[in-house]
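Shown below, as structure tokens, is a lone chain in the form predicted alone; questions about how it binds or moves come after it.
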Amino acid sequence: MTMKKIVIVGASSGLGMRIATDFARMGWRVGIAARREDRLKEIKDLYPGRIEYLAIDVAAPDAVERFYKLIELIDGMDYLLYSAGCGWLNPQLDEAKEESTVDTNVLGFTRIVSAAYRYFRDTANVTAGHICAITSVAGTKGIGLAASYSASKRYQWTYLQALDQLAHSEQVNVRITDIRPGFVDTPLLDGNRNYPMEMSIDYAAPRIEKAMLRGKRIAVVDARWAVVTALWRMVPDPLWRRIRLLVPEK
């Protein structure tokens, strides 16, 4: 049986790190990337025969070149998981925070995901390649407390939908999975605040992995958030703008 190979971008902590070690335990060949090389080395040391790493800043001009190099380090790629993310509660619209969010969640996302699509298109695999991205339920509506974050997640939703249509049109053998979790207790959240329906990494990671392996087009994690976002979509814009926004309590 051929060993499966996955590249995870944004694997130095949180969900990306957990999923990387889970796949390594399952016998997969895993390529991991993030900006922090020291953290990547620590993860590789857990499974030195299964994991390779390369420091990649998705907002840097050389991101795609280094991404392809990481694919070479594990001798190919069956799955991409884009797990890199950036965002804050930022009602002040701090310029640096807004731009950093867009750099990672829009520019960096586009660089890596489009590069993965080109890789699968050009290698013409017999078995389907698979592009997976952890987006967020925040893409459902524009959230005033996190304007750039919610807008960037909507962008990711639309980009993945467009790639799915493009793959069908071009007959590229690749699947697209958009994974939309609610609040997960990762470094992305302020650990000093209490978020509604917050999930642990231990709870969320297996559900994300199941969605990836089943090849679901869209997976909301979890069922509670599926209901909540369905209700959000039903709220008319004039009513949505009147909803009072509350910063989670510390």
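These figures come from a predicted structure and were not determined experimentally. Just count from 1 along the sequence shown to find any residue number.
A second form of this protein, the form predicted in complex with a small molecule, is not displayed here; the remarks below concern that form.
J.: When the small molecule is placed as it is in the predicted complex, are A84, I134 and V184 each within 4.5 Å of it, taking any non-hydrogen atom of the residue?
T.: Spot residues vs the small molecule: full contact, yes.
J.: Counting only non-hydrogen atoms, choose the one of 49-57, 65-73, 210-218, 24-32 that falls within 4.5 Å of the small molecule in the predicted complex.
T.: Selected range: 49-57.
J.: Going by a heavy atom distance of 4.5 Å, is R224 a contact of the small molecule in the predicted complex?
T.: No - in the predicted complex, heavy atoms of R224 and the small molecule never come within 4.5 Å of each other.
J.: Can any non-hydrogen atom of S148 be found within 4.5 angstroms of the small molecule in the predicted complex?
T.: The answer is no: S148 has no heavy atom within 4.5 Å of the small molecule.
J.: Determine whether any heavy atom of T229 comes within 4.5 Å of a heavy atom of the small molecule in the predicted complex, and answer yes or no.
T.: Although the small molecule is absent here, T229 would stay clear of it in the predicted complex, with no heavy atoms inside 4.5 Å.
J.: So in the predicted complex, does any heavy atom of A11 sit within 4.5 Å of the small molecule?
T.: Flag for A11 set to yes.
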